[in-house]
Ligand code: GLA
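Only one chain is given next, in C-alpha cells, and it is the form predicted alone.
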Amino acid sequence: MGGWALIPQLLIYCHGRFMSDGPQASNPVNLPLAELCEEVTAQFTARFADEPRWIVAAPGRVNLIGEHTDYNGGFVLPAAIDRYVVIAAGPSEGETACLVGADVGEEASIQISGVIEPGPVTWASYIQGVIAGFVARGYRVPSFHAVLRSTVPLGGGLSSSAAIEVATATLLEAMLECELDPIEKALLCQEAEHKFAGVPCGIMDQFSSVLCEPDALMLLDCRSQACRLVPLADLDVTILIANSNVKHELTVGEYARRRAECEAAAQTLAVETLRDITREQLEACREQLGEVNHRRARHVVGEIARTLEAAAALAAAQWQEVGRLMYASHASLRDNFEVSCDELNLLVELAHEIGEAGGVIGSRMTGGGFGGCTVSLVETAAAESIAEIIRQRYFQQTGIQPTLFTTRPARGAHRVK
C-alpha cells in the first residue's frame, strides 16, 4: 500500500484512455510516456531557462492478485502500468535541490547533504527520503533543480508514492553515474516511505516500479524477495482499471489495524508470519484466535494460495480459472479482511454481470481498500464497451463518475535521457 493519503495534490493529474464525461469528470486524456517527457522538458526549460540533463520515468503498478499478503511474508502478482512519474532535472548552484511540482504549480527546496531528518509530510518528503537514503549510504548528492509530472492516479491503490520514490532513485543514479542493485534500490525507496512518510508499506510497490517488465506480471515472494516473471503476452487480453473515485477516511488507520491483527494472529499461532500456516492448521486453531483474527488469517492464508494458483493459471492461459481466483480474492477481502466498500463491491458486481459472454475474465478490488480501484482482466476487443457499461451503471447507482482505463504490463523504472 503506497502513501497516497499523504501527498496533498501532486498527483492529481489522473488520466484514462476511456474517459468519463459526466458531471464529476475532469481528467484529461492520458499522455503517452514520450509526450509526457516532451511536456516536462518544455516546462523545465520555461522554468530554468535550460535543457534538462536528465529525464527519468518510473511507473505505478496494479496488483492482479495477492492483497495484504506482502507484509505477511506471502506472494503478490503485480504489473507495472503505463502511467508514470517523470522527472526532468539539471545541475544547479547552491546547497539544496529546487523541486517543481508542475501539476499543482508548487515548489519546494530540500536538503541534499548532512544529517537529513524527517519533517512534516508533504509531497517533497518522498523525494527527501530517497535523497537521505543515498546520503546515508555515502553518496554525495550534487545540487540540482527538477520538474515533476505524473500520470499515476492519486489515491487509487496504484502506488503513486512508490513511483515518486523510484523515479527519484533513478534520477540520482543518473546524476551520480552509479547503478544500485535493483533490490537495494527498491528497499531504499521503501525505507524512505517508512521514515519520511510514516507509512509502514510492504515491499510490493517499490519492487514493482523497479523490477517489472513489459508484457509480464511479477510473482514476488515477499519473504525471500525472489521474483519470477509470469508472461502476459497475449494481446487479446487487457488489464482494465476502474477507479471508484472514492477514498474513505478511515483507510490509513484501518490498514495499520489489519497489519496489527495479522501480527497478533501469527503470535498466537507461534509463527513468524501467517505465510507459515496451512489452512488445516489455521482451522484447528480457530477458537484460539478468536473470530476477528481468525478471519484475518483465513484471508491471508487463502490469498497466498490463490496467488500461486493464479500465476500458474496465467502461465497456462487458463482464463476461466484466473477469473474464478480473482472473484474469490475479492470475496475474501470483502468478508474476511473487511477492507472493501460499497463502491468497490459494486464495480466488481458490474464486471461480473457482464461476465465471460461480454468479455470479462475476472475482477477484484486492488490496493489497500476502502475505496480506490478495481482491476479486471478483459478481452481486448471488448474492453472499450465493457468500460462504458461499467461507467454508466456505476454512475447511475452512485452519482459518482468512475475513471476507467486499460493498460498492458509496462516497463519498470528507466532513464529516458
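Numbering starts at 1 and runs along the sequence shown. Computed from a predicted model, the values in this text were never measured in an experiment.
The form predicted in complex with this ligand exists for this protein as well; it is not shown, and the discussion that follows is about that form.
A.B. asks: Tell me, which of F144, F134, Y255, W123 has a heavy atom within 4.5 angstroms of this ligand in the model of the complex?
C.D. replies: The residue from F144, F134, Y255, W123 that makes the contact is Y255.
A.B. asks: So this ligand isn't shown here. In the model of the complex, which residue out of I203, A328, A305, A108 has a non-hydrogen atom within 4.5 Å of it?
C.D. replies: It is I203 that has a heavy atom within 4.5 Å of the partner.
A.B. asks: Quick one: find which of 363 to 371, 52 to 60, 33 to 41, 350 to 358 has residues within 4.5 Å of this ligand in the model of the complex by heavy atom distance.
C.D. replies: The contacting stretch here is 363 to 371.
A.B. asks: May I ask you to check whether R391 falls inside a 4.5 Å heavy atom distance of this ligand in the model of the complex?
C.D. replies: Looking in the model of the complex, residue contacts with this ligand do not include R391, since no heavy atom lies within 4.5 Å.
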